[in-house]
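Taking the form predicted alone, here's one chain by itself in structure tokens.
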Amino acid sequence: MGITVAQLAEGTAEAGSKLAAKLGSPAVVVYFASPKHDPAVLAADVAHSFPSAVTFGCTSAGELVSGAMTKGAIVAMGFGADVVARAEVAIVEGVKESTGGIGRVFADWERKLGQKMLDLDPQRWIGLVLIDGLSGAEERLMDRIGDLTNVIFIGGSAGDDVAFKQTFVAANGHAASDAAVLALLECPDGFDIIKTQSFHATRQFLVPTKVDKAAREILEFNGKPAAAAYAEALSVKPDDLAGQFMAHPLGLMVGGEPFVRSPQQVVGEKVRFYCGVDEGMKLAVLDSTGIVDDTAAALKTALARSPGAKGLINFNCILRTLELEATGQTDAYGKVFTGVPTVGFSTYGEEYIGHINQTATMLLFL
């Protein structure tokens, strides 16, 4: 069967049956949908319409489907057993308070698989994670996953069309907030991971020397009030700092690649971020480059490395989407994915090894 892709427009009734008509009879269905489609109703409808499939998804802040970016839609991808030979999925609830449920889910999977999560072949197994994008729990969740398995988990934080009120994740007919969906997929032909963030590092570095980790706030950089030190690094006045955030976030450099930490707002002399930043972490000040060209180049390289790829899931940061909208490049970005069956959504954060921002993390199925 391979991979099939479907898109339904805003206001579509009987979404599950219409997706089934487009996707056929897959073994696994993943979907991303605007919260304009009631998350609980949609989750139940999709599960009912694919009774023999594993189904999961989340709410979005914009969607992506082969060749186009959309708004207010439902996009879905179906996987045949030839692409995903086995799939396990579970919801972990109450993640704002605790990520202890991850251990219970993994223990259950180990019983079913007859194998330890730490012993699974990371070249054959891949994890997907979808999490309430307003939970603030992404770092703890990704850290816990990393403690328990060598399988890479990649994914995104659910959105709500930029309302920032409530986001939902769903699995096998049940939708929830304050929750995360974990999926474990066995891919016999393998997969590839693409990460592109459209920034390059400058020679300026900022080191958090005083941090409120729970609030994701930096009180001091380099021993100075955070907002003043950040503004100084950019050669702007503190009052003008917030206007520089999208073009000049910070990055933890790993192997010459930035893992982006995006500032959200100035709070007095503090700077609040969209993800956690640890005290003592050396962060490069970043300069923006071209999202469309960088993404096209990254995808071209991956497809050359993995010819015959069957499909792609794109977790694309909402900040990237907002920049594409502001610069009139949404059509151009969507067309980057014309050549490969694609679904994705605009996220409130991206998951790959840890929690990052202003990045597209993509999973390519071979």
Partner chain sequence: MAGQVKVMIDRIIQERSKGDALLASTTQTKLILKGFDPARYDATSPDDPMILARLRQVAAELNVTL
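Positions refer to the first chain, counted from 1. Computed from a prediction, not measured in an experiment: that's the story for all the values here.
Although it is not shown, the form predicted together with the partner chain is what the next lines describe.
Q | Joint contact, 146, 150 and 281 to the partner chain in the predicted complex, by non-hydrogen atom at 4.5 Å | A | Yes: 146, 150 and 281 each sit within 4.5 Å of the partner chain in the predicted complex.
Q) Looking at 234, 296, 81, 252, which has any heavy atom no more than 4.5 Å from the partner chain in the predicted complex? A) Of the candidates 234, 296, 81, 252, 252 is the one lying within 4.5 Å of the partner chain in the predicted complex.
Q) Which residue among 214, 163, 118, 247 has a heavy atom within 4.5 angstroms of the partner chain in the predicted complex? A) That would be 118.
(Q) Quick check for you: of 87-95, 129-137, 168-176, 253-261, which stretch puts a non-hydrogen atom within 4.5 Å of the partner chain in the predicted complex? (A) Within 4.5 Å of the partner lies stretch 253-261.
Q | residue 354: touches the partner chain in the predicted complex, heavy atom cutoff 4.5 angstroms | A | Yes.
Q: May I ask you to state whether residue 289 is within 4.5 Å of the partner chain in the predicted complex, using heavy atom distances?
A: Although the partner chain is absent here, residue 289 would stay clear of it in the predicted complex, with no heavy atoms inside 4.5 Å.
Q. Taking heavy atoms only, is residue 188 within 4.5 angstroms of the partner chain in the predicted complex?
A. No, residue 188 is distant from the partner.
Q. Counting only non-hydrogen atoms and a 4.5 angstroms cut-off, does residue 268 reach the partner chain in the predicted complex?
A. Output for residue 268 is no: heavy atoms all beyond 4.5 Å of the partner chain.
Q) So which residues in 86-125, when you check the partner chain in the predicted complex, have a heavy atom no farther than 4.5 Å from it? A) Stretch hits, in order: 118, 122, 123.
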